[in-house]
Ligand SMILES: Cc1ncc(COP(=O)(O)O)c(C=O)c1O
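Here's a solo chain for you in structure tokens, the form predicted alone.
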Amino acid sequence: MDERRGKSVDIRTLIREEVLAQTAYAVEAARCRIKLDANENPLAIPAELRERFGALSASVPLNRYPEAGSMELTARFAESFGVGKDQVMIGNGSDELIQILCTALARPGAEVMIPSPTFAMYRISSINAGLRVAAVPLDEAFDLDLKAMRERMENHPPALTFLAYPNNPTGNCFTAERIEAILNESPGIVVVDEAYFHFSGKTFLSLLDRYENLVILRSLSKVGLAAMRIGLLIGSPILVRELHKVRLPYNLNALSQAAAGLYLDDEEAFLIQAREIIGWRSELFSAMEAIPGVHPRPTDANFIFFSCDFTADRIYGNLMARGILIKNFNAPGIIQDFMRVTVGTREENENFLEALRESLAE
């Protein structure tokens, strides 16, 4: 026996079973000449703003902690949203805010209700916080199955419900009346995740005063600041006060705080890009619709969810071979042979369309 070795410990016996049963969230690492898989803004921020951000970054004292809680930014975003500063929390991306909500509401036996399919982090964060997850399949139109969700709420009242608006990966906004029905009937918090608001223009923000259980999430990732991880939560003052007890003190770094301030100073520059992407989205959708065997779904986001009359795995592989990366969602059920493509620049979209036509012909 090697006396230099310490005590042997089976690490897996120390980990919760719910964690052991999972696989880590997979991010495609393949290098491709055109990347259309992550719903990012394909445009860099304008050169003038890059220069200003460079100057801001140079002035950040890296030896000091950032402002705890991003309180100055919180007040500015609250004014922009037309709410009180005690109703806003800023997070390290929406992912952190989802995690904070799950942690705060994870009473023993508590359940989270989500539609399926939807954004993967709702399930992952819920399970990791010790919550049970009830996934209710969408209907054939990829809308909320209100009857099934009502039955679930009646038999297993959820502490937390996540509704992406528009939904990822399907791209559509759920019927607003169905969301309001859940807000009216749910005994728990209902999160309307508006990560793609800049491309849909649809929001539940005006209903915050009507529903105390309503929480809205926003993000600056899709509009051009994905690298900076800036998420926003808007809810009732009572809830936000409790969530701050879960938030880590210095959760948003100083460079990200500077970038968020830059966004507020020059929001129109970002919105101009968003409007340009919306135009490219319309062009891409029409072009895909004209390809025999390709069936794009109507979208309110900066991506298009589509199916083919061919095996999605084959088409995905053919596109990868041509250096174009999209997201493959092929799985049994209503999303079998479905894929998702992010709206790129006009040139990137034309390259994708050409590769898609070639892939279908093989």
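Computed from a prediction, not measured in an experiment: that's the story for all the values here. Don't overthink the numbering: it's just position in the shown sequence, from 1.
Omitted from view is the form predicted together with the named molecule, to which the following refers.
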Has each of Asn168, Asp193 and Ser221 got a heavy atom lying within 4.5 angstroms of the named molecule in the predicted complex? yes
Contacting member of Ser94, Gln87, Ser125, Thr161, with respect to the named molecule in the predicted complex [4.5 Å, heavy atom]: Ser94
Check each of Phe81, Phe119, Phe197, Phe285 and return the one that places a heavy atom within 4.5 angstroms of the named molecule in the predicted complex. Phe119
Given that the named molecule is not shown alongside this chain, does Arg229 nevertheless sit within 4.5 Å of it in the predicted complex, heavy atom to heavy atom? yes
Out of 125-133, 183-191, 274-282, 94-102, where are the residues with a heavy atom within 4.5 Å of the named molecule in the predicted complex? 94-102
